[in-house]
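Starting off, we have a lone chain in the form predicted on its own, written out as structure tokens.
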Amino acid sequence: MKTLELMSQLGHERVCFWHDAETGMRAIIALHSTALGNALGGTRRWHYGDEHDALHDVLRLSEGMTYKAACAGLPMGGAKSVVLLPERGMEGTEAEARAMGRFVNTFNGQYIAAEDVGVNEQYIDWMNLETEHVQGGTGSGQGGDPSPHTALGVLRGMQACLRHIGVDQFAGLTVAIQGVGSVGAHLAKLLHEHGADLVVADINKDLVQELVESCGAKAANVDEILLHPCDILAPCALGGILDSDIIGRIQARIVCGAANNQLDKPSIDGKLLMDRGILYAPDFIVNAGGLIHLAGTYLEMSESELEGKINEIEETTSHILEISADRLIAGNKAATELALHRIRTGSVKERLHAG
């Protein structure tokens, strides 16, 4: 599918490609929607197979950010950016980050960049040397690392899922976490504090070992973690990992994790999970904690307002699960309908009703 056709299909307002002659950096910014306000979304640094893969990723991610902000009740839109790395694992440099900052600046504040895979606070600080339109750095009003807040939101989503099936505690339950980087590690520690038994997997064996030692977690193979018998499966790595084959073999009662775009084909895979009796907490509902923290900081919310907003993820998740059960539709479909309803009405608070 051609770029403009794909943009039109997903409803994007603007997609820009950038090549920086000085550093050789190649990047894409996808602005999905500013209907509710300026768009906030992370910058991802990744080695893609080709430009089409990068474009597909940034388009889906930016669409998800629009839905995430709307469902979280934030007066903000959705966007995302990717830096196309020529090789895997390349460290970010100040020159590259500043080039990315100049790219972000061409959007004149309609796009506010933040952290994603491959980007940390230092990278954001370097971007901030070229543009004020960033969040997630160490400076005043930047919000810092959003990972702990994302993890807390996922925990709240899990609590909503457990309550939906009549369970009131994590003690005695097994949670399998795929990916224990910044968000996954924070989530593991929160779950350990709440009494859950953990099974973890990551391509970085040092991260796994740290949780084995600090939280008593069991290590699993990265190729097997999605199929590990558990009460809750928490995908916290990259997206597109739940396809028809995997869904047919999952041994979990609940899927609730931090990864974006977990469903390979959302229109099909959400229903497959429902048909198998697996409760699915839509990713862009439960992983909104980091966005809420950074957007709330940008909007100058108080600490108590930010905390309350992240805690609302539990209520929103419960609401979506109820709509899904009442109307016999997949949870991700119910969540998307809520987002689109709020965008159409211009209201970030209006609820979606069953019927």
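Everything quoted here is computed from the prediction, not taken from an experiment. For every residue, the number given is its place in the sequence shown, counted from 1.
The discussion below concerns the form predicted together with ligand NAD, not included here.
For this session: Give a yes or no for residue 182: in the predicted bound form, does one of its heavy atoms lie within 4.5 Å of a heavy atom belonging to ligand NAD?
Result: Answer yes; at least one heavy atom of residue 182 falls within 4.5 Å of ligand NAD in the predicted bound form.
For this session: Report yes if any heavy atom of residue 270 sits within 4.5 Å of a heavy atom of ligand NAD in the predicted bound form; otherwise report no.
Result: Because no heavy atom of residue 270 falls inside 4.5 Å of ligand NAD in the predicted bound form, the answer is no.
Exercise. Is residue 129 one of the residues lying within 4.5 Å of ligand NAD in the predicted bound form, judged by heavy atom distances?
Worked result: No, residue 129 is distant from the partner.
Problem set entry | Close approach of residue 143 to ligand NAD in the predicted bound form, 4.5 Å, heavy atom | Taking the distances in the predicted bound form, the answer for residue 143 is no, it never comes within 4.5 Å of ligand NAD.
Exercise. Of the listed stretches (167-175, 248-256, 96-104, 195-203), which one has a non-hydrogen atom within 4.5 Å of ligand NAD in the predicted bound form?
Worked result: That would be stretch 195-203.
For this session: Quick one: from 211, 274, 237, 84, grab the residue that has a heavy atom within 4.5 Å of ligand NAD in the predicted bound form.
Result: It is 237.
Problem set entry | Listed residue (227, 117, 278, 219) with a non-hydrogen atom within 4.5 angstroms of ligand NAD in the predicted bound form | None of the others qualify; the residue that does is 117.
Exercise. Is ligand NAD in the predicted bound form near all of 44, 147 and 287, within 4.5 Å of a heavy atom of each?
Worked result: Yes, the whole candidate spot contacts ligand NAD.
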